[in-house]
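Encoded as structure tokens, the following chain is the form predicted on its own, with no partner shown.
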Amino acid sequence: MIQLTATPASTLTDEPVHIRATGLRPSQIVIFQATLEDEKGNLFHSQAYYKTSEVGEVDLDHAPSLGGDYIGVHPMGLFWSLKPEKFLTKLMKRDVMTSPFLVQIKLYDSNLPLAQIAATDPKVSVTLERWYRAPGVTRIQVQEGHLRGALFLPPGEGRFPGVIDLFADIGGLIEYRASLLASHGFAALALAYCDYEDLPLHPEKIELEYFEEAVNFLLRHPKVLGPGIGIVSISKGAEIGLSMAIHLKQVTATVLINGPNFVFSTPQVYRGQISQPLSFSPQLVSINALGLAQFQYCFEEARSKASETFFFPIEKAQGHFLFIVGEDDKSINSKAYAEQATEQLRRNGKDNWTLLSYPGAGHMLEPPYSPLCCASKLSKLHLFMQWGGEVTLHAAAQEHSWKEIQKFLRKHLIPVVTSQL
């Protein structure tokens, strides 16, 4: 009898699953397919071809895919190679607390014509729950003072290392990374800063006092460890995260994912001091045959002529930095920006940084096993942005960097207890 197992059947979305099929004919070619429907009804699917062993088994931990959405031994390939049925749709979990994503794993004979697979019942299938929060994690809506966001707390009495989670300026409140961080022992504040509740759609300026308020809010919370807090940030969020690390001594560990070392698009203001954005060169936008815009070189002309005052004085920061770079980033020239920032630190005698640079990884580095989003629509700019990334290398970068982020935060946010003996 054919059996298909996937264990554990219910787990966090950043944790691996062991998939195995038994009871098949020896040396048979079979198709594994994964399907997922998001909260808006968008469908995602992936598939790969495998050859059964001499005893009629396929164990994805050891067997190589022969073709399909990936090739080689990749135990979680069916998850990170999921692709949208509707072109350029990004998979993003919105309700992180009450429902998981359901992923159905199906097994088919390879002799089926491709056009018939969708209308044919699989030989066998299993459904997995992929959660964005561990049991016991709590969510607290934050509407205190000017702050708008959601605080995620791990189960237990605490206290827990505190982290502020910042995304790009696409608007709204994005919670899935903060809920996963809380699932791994961090008190994580998902912080909105535009186009959410009463926050402006297009802020005329980024006021750093708002983010300082968030730092102080987190440190006042009885379940937050202190005395310092961490930042996890990407893109425009990383611009803000870097500025926070420079100006706010309470920020002791800052993760910067594919971000700039200067202000772009919107001025920053802190205590009356205005930091103007670097000039943007629209003539350097490149649009490919699919109509996808690439922005990675649009600041290079201004950057080559800019005085040092346009770049963040990163050497003034007292905390530690983890730079994470996707070398195939098509949105910004993030590798060059990170290298310039670390060289600035080096020139000033600082060794408070680590740079992780991933060949083949794009801009949208997410928690492990998330599908690559190589391009998506930016409603603010009325165009489709290419983010870059090669599927297999991007997946490897996500898995490695997520572990490194957690190690970095624990190292610099949890005090080392020394024996008094």
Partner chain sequence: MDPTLYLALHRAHYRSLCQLPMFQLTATPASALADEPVHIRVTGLPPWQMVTLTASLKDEKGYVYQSKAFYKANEVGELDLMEAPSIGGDYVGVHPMGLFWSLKPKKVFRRLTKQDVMNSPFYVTLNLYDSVHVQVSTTDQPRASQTVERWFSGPGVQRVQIREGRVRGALFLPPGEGPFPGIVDLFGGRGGLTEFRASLLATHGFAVLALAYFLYEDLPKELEEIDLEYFEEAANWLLAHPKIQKPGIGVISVSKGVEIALAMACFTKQVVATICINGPNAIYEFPLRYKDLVITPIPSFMERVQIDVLGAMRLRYYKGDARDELNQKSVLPIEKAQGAILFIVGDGDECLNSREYAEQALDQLRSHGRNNGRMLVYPGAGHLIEPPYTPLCYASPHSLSSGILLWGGDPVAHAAAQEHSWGEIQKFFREHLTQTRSKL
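Just so we're clear, the structure is a prediction, and the values are computed from it rather than from any experiment. Residue numbers count along the first chain shown, from 1.
Not pictured, yet referred to below: the form predicted together with its partner chain.
- The candidate spot formed by 111, 169 and 372 lies fully in contact with its partner chain in the model of the complex, as each residue has a heavy atom within 4.5 Å of it.
- 288 is the sole member of 288, 138, 99, 127 with a non-hydrogen atom lying within 4.5 angstroms of its partner chain in the model of the complex.
- The listed set 222, 349, 227, 282 contains one residue whose heavy atoms approach its partner chain in the model of the complex to within 4.5 Å, identified as 282.
- The candidate stretches are 261-269, 156-164, 119-127, 314-322, and the one lying within 4.5 Å of its partner chain in the model of the complex by heavy atoms is 261-269.
- Taking non-hydrogen atoms only, residue 274 never approaches its partner chain to within 4.5 angstroms in the model of the complex.
- In the model of the complex, its partner chain stays beyond 4.5 Å of every heavy atom belonging to residue 183.
- Using a 4.5 Å cutoff between non-hydrogen atoms, residue 47 counts as a contact of its partner chain in the model of the complex.
- Among heavy atoms of residue 40, none comes within 4.5 Å of its partner chain in the model of the complex.
- Residues 66, 67, 68, 69, 71, 83, 87, 88 are the members of 64-91 with a non-hydrogen atom no more than 4.5 angstroms from its partner chain in the model of the complex.
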